[in-house]
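First structure 1, then structure 2: two forms of the same chain, each alone, as structure tokens.
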Structure 1
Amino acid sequence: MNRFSITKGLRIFGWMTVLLLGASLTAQAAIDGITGTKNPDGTVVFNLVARKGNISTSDGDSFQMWGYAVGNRVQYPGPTLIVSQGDRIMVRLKNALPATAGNTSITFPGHQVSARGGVAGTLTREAPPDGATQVIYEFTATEPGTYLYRSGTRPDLQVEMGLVGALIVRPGGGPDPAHHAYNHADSYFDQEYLYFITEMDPWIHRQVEFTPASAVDTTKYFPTNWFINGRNWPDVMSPAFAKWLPTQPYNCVLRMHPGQKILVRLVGGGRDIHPMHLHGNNFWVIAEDGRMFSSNPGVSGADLAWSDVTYKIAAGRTADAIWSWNAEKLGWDIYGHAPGDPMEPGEYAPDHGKPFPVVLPTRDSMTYGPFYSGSPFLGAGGDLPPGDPGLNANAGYFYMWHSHTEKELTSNDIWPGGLVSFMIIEHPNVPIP
């Protein structure tokens, strides 16, 4: 067996083990990120260092990356910066990239930024690759929403190499900012998840290993790897901060209970358009680029929101979408109640007591997918054929969320990979941290 087969087998085994161990299959209600430290004057400070590192892809390969690090370890994408509306933000940047990489910088689209230190650049002040010179960027987070930050120095190369990340500004003028995207009830959510989409051209990264940045040609850009939160599928389903993915800490395991509202923060971190398709139900896009779709901002809420099943996330753009699933109008009771059975605490069953509309074929006549629990009822397992892996530990409903560009479902033309994740509808008794 060659190294590729061993590596791939270990990864898939690890991913399957995570799914089999229900207690390990966790997703946070809050997005992973950093909140910085506060100066005595109330300024929120982030200290970032541009460094070189490596990431793994689901086809068993490894690539050199540049990224924004907190401390000594680079990560891809950069740390998600989480702040509150009204905060005064200071980002300190040093450049510890190889000398051949040249200067680097950070821009914050959607914000009025002042910069000092370093040297003058085309878009903003830049840090030379000496590991010591500090550039300071300052701005006030005046509007809540989802944003990105990225290099403003030759972005065709540096963003491709990984110098990009997400910025989340939580609302400061409404109730419960931990469960609202904006200062209005229309932006309420029970769970939130980040969908930071990027792509990669491996040839550019190979050039960077042996060529000064000034000589790297990006005009023939042709990506063959695609990432959600810095990982390909199935690695996106592994735990956040998995030890075997040290420079790719963020996962994308989406979970909810029936009737909950899910906020999906979509970020186009690369340079292509990606049509992300959400199975199971329509979503409502309530905002783009940190601004709610409202005919009367602050009063009417998301009254101009629009509904669809596929969203084309463009380079440098962000969107906030609300998605929900509640079994309404399904025509049968997803919990398998008989007429007259009492509702269990926390259950949402608008078709309570209605029987499953068809008779299932015998077990030997069925083709079982790995996420089918053996029963059509939420939270109820059933008999599976001998040897079936039984990956659906909690007997939930799995909806595949993925790109509608077929090549983006691979890593370098190898399946599995690319822009794939799953929304898992869990029984109300299954805890979601």
Structure 2
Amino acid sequence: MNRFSITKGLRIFGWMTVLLLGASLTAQAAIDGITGTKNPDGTVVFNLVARKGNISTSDGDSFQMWGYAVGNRVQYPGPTLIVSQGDRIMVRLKNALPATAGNTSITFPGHQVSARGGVAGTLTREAPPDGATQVIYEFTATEPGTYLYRSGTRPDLQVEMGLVGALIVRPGGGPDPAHHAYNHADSYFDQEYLYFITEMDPWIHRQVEFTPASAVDTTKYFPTNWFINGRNWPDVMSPAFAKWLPTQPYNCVLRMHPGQKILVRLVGGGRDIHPMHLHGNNFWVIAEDGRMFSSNPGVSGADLAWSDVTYKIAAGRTADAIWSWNAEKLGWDIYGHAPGDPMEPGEYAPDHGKPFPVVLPTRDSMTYGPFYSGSPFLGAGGDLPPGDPGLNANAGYFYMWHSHTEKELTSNDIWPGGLVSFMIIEHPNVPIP
């Protein structure tokens, strides 16, 4: 029974305002990155320049970084290189870092790389800081999966300074490479997201501003800043390519509908181990370091996958996890249906029409979070107290995906910050771009 009252009209007007304001909270549909240009011979070419720049942290600070740039502007982390299995890859690197930074280079762990040009280095060939000399790295992306690339020149300093990025190799043998991580149905996903994790010791960056790289001491490394895709919480929730974060283009806002499958590509881009905890449900770890957990690789899929709620991402490691959520076995109907109401797409049928089980305290007995819609039901809104930011315009379900080393939920001594982002489950009728 719906009787339209003035009160309710005002409520709806308030919600429409919130919805309009909330429109800036959008997410990427696929992982942002660059796909390079194709040479006539089919080789996929990336032109990167190592440059100096600055990033902002969520505690209001700013730090000098070195990073791999596509154009004139540095970015942190480096551009996500997205290629296809079987592609011949050529990465051309120039070094426009300050002369005191010294040479730089790129390594591609997990790939057999040939390098030419530049000067000889310890791990690979290096580009001297003249802005002109070109080093060429070539390899074939033989196996699909999630990888990283990073400096092979004084990596203790240069990776810390930002010379690190993700490499995604899409499968070449399956029917739908945009929705499979590997050449097997076990790796199917509806949406994919990158969790590229790095940390920072601010003192090293301060030293770099005043000291030649050769004199910078990294042995007292003590990180106090943590990043997902180059941003701290809450900057991760800002749009990708936000103008106010010019050197940190990638965000981390995860969205899905109930029942969808999410691929999380986790990358340990720094030097510490981070136990990443996904609220809301268990996930299946289907692969590490670009190899599926398979008893018969190429045939049996991810038949050795395992389940957990926290994945310990080691430094330099990558992992692919599949996550889903469908309100199974909650014991109440997340849509607040009456027993005779029609089902929502993908709804968990045994709980259909089951009433909300508890009485909630009065509003003045509770503190509302900014992502609380005012109602326990998915896609439903409710009255919000005056001053509530109302950041959950679509009344989605928010799940924190974060480091369970809770200290890392800070940005240089300021709570909250660091390694936090949110998965948002939207009502089936809310479009996800």
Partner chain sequence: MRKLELVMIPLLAVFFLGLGSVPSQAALFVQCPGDWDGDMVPNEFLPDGVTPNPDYNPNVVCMHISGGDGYLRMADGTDLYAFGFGEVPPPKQVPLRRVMNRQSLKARAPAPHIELQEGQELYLTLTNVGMTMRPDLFDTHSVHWHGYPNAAPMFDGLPEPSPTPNMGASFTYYYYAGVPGTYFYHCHVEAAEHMQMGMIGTLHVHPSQNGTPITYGGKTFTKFAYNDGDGSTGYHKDFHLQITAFDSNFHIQHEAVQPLPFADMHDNYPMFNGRGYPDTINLSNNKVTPDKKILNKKGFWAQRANSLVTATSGQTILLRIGNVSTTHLYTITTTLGVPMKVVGQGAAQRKSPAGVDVTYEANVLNFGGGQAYDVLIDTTGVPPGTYFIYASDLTNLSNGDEERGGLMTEVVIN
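Heads up, when I say rigid core I mean the largest set of C-alphas that superpose within 1.5 Å between the two forms. Please note that residue numbering is based on structure 1, beginning with 1 at the start of its sequence. Just so we're clear, the structure is a prediction, and the values are computed from it rather than from any experiment.
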I want to make sure I have the labels right. Is the form predicted in complex with its partner chain structure 1, or is it structure 2?
2
Return yes or no for P386: a CA shift of at least 2 Å between structures 1 and 2, with the rigid core superposed?
yes
Please determine whether the C-alpha atom of D364 is displaced by 2 Å or more between structures 1 and 2 following superposition on the rigid core.
yes
